[in-house]
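A single chain, nothing else alongside it, follows as structure tokens in the form predicted on its own.
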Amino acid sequence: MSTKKTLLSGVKPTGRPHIGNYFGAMKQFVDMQNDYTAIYMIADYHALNLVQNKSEMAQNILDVAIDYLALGIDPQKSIIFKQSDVPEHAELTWIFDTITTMPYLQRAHAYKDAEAKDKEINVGTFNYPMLMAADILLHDTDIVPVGQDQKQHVEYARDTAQKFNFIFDTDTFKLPEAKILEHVAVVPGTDGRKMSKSYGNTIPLFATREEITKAVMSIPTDSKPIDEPRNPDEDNVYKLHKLFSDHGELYELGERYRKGGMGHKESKELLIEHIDAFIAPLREKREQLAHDTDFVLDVLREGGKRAKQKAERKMEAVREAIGVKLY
């Protein structure tokens, strides 16, 4: 029996990943699959709050699976599955709903953000912390890798586990721990703000050479002459160089900024070369997988079976705890 702790993470199929997603989380997911029993969920029911078009949803799900595999998630080491293949997620969510108050859910960041923007809020958006708690607790998750700004998700799952265990006088659910992804890059977007789809300032993770060129060339820069010294740490292009240059290259580049003589055009062209060299093998692997959808679907199908087996065992214990299991 494996002594590894169980790690679970989910990605909503709502669009193309960008290099900020990779350096902020995805790279760590690939690394961590060797140290944990790793479960990677495609959160399609979560995405239904945002994507309500059949063909778009289906394509997005397939794209996320291809992305995971192209980046190096190994289906022999990890479970890759889509949330909708395990109906126990929705069943457990309803059970959690019955012990959860509305004021408690009104504290959720996503709800408060939508409310502040005066958006019409659907029940799914209001209730998503309970679906997320079910996602985590259903699989006896020990570790949930999150950024500092996502820690609340795990706190909700812990609170729900404790409340369920107390109400039903059981130890059905373990308390998961947030694994805060320290020392990860906050990747600047092409406008200098944090790279985010909502800002429209991203460089796609599997971008073509043309897409990379267009994005990098759009980065705003100052109007100082080429020979005038400048602080590289204040330059949006240099900030991206930090992700793709080795220590020696970065030092040399920084010195040229400080002494003067590094023009924005040259710096951008160098960055394009470095980003393309990094993305090219990922892009090639992704293209191969995109032409072998039968393999990708088999991975999802098998992952769904494995995830459902775990979920069924946990739900048997839940039904026993709440008193609905009579035979």
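Between two forms, the rigid core is the largest collection of C-alphas that superpose within 1.5 Å. Bear in mind that the values here come from a model prediction, so they are computed numbers and not experimental data. Heads up: residue numbers just count along the shown sequence, starting at 1.
As for the form predicted together with tryptophan (TRP), it is not shown, yet the points below apply to it.
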Within 4.5 Å of tryptophan (TRP) in the predicted bound form, heavy atoms considered, which of K82, H153, R230, H241?
-> H153
Find the only residue in L250, I226, I167, V146 having a heavy atom within 4.5 Å of tryptophan (TRP) in the predicted bound form.
-> V146
Determine which one of 91-99, 230-238, 159-167, 131-139 lies within 4.5 Å of tryptophan (TRP) in the predicted bound form, judging by heavy atom distances; exactly one does.
-> 131-139
Does K12 reach tryptophan (TRP) in the predicted bound form if we count a contact as any heavy atom within 4.5 Å?
-> yes
Is there any non-hydrogen atom of L271 lying within 4.5 Å of tryptophan (TRP) in the predicted bound form?
-> no
Even though tryptophan (TRP) is not shown here, does A65 get within 4.5 Å of it in the predicted bound form, heavy atoms only?
-> no
For A43, is any heavy atom within 4.5 Å of tryptophan (TRP) in the predicted bound form, or not?
-> yes
By the 2 angstroms cut-off, has the C-alpha of K163 moved between the shown form and the other one once the rigid core is superposed?
-> no
